[in-house]
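Let's start with one chain on its own, the form predicted on its own, as structure tokens.
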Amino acid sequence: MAALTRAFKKNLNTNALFVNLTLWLICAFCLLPVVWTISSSFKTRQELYMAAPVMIPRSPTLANYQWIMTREDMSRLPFNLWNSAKVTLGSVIIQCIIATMAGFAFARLEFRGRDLIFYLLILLMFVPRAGGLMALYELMDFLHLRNSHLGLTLLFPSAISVALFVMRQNFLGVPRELEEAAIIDGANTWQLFWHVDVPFVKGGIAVVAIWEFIYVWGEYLITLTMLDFPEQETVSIAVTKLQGWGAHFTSSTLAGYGAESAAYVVAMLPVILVFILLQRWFVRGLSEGILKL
């Protein structure tokens, strides 16, 4: 019996080592482009075009960042960041409010056609928004919401399928006994929602917030279609204008590829910071209810 136990533990340790090694390889594969972009943003022209490129810059420089911040063509970059921040934060707030209330309704309230409506909304998850781009364009133009950050802020949260699914599954994980005790104490539906259920689904709200933040911050196609004026552009559109500008460089300390990398780092930095700040709640939301069916 002891020999079988030792063999089982040895096999278990071997499996754990294999799983951990596989996860590390996947993590390294996914992070390599990000690390390479960050590294390239600090390199000089000579290092960028070396025959044997290196990961860590030998002579780190901020010249690429200085160039994208001072060049006349990119003088609007701080305003582009501000435009993205306005649209993204507004969309996140609206998405979290709508998804949380709708998730509670589909998980706890009884009404006719509840399950049918829910599954129809979930099916929209598999419909690409680009397929209805012309319809969105005409609708936004009819409502006079084109060329408006308010229009984008109202448009992006309308893609509620994923957020609704996440919040419904989180609400299904709230113990029924707590709700029944609150009802016995005289709590109405709103009090039940706000004081009993919402404190238990903060992780799910964080998941929705991060998901929506990443989607809206990096969204390109719809934003480009709905905005006509350069002063309204978000950072996802602004950084694409750097592509192909390497021919305009004359300084030996700068390179087009390095400037592009610096712009991409500036664009993705807010997303990284938001994820770092909310990662504890993100993991909690993934483990508490999202996978509950």
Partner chain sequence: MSQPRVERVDQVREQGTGAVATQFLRELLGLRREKWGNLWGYVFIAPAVLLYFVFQAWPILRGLFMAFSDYRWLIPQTHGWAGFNGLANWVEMFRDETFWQSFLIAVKFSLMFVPLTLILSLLTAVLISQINNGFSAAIYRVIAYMPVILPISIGMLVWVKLFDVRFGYLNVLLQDFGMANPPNWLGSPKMALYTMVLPTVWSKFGSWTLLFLIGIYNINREIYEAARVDGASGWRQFLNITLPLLKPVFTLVLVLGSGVVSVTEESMLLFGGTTGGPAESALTTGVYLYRTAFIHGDMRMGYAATLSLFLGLVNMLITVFVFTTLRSERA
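We call the rigid core the largest set of C-alpha positions that still match within 1.5 Å between the two forms. Note that this is a predicted model, so its numbers are computed, not measured. Residue numbers count along the first chain shown, from 1.
There is another form of this protein, the form predicted in complex with the partner chain, and it is not shown here; the text below is about that form.
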- Query: Can any non-hydrogen atom of residue 67 be found within 4.5 angstroms of the partner chain in the model of the complex?
  - Reply: no
- Query: Is residue 165 close enough to the partner chain in the model of the complex to count, meaning some heavy atom within 4.5 Å?
  - Reply: yes
- Using the partner position in the model of the complex, report whether residue 90 sits within 4.5 Å of the partner chain, counting heavy atoms only. no
- Message: I'd like to know whether residue 114 contacts the partner chain in the model of the complex, with contact meaning heavy atoms within 4.5 angstroms.
- Response: yes
- Note on the structure: Checked 97-120 against the partner chain in the model of the complex; residues with a heavy atom within 4.5 Å, sequence order, are 98, 101, 102, 104, 105, 106, 107, 108, 109, 110, 111, 112, 113, 114, 115, 116, 117, 118, 119, 120
- Determine, after fitting the two forms on their core, whether residue 221 shows a C-alpha shift of 2 Å or more between the shown form and the other one. no
- Query: residue 230: CA shift of at least 2 Å between the shown form and the other one after core fit?
  - Reply: no
- Establish whether a shift of 2 Å or more occurs at the C-alpha of residue 172 between the shown form and the other one, with the two forms superposed on the rigid core. no
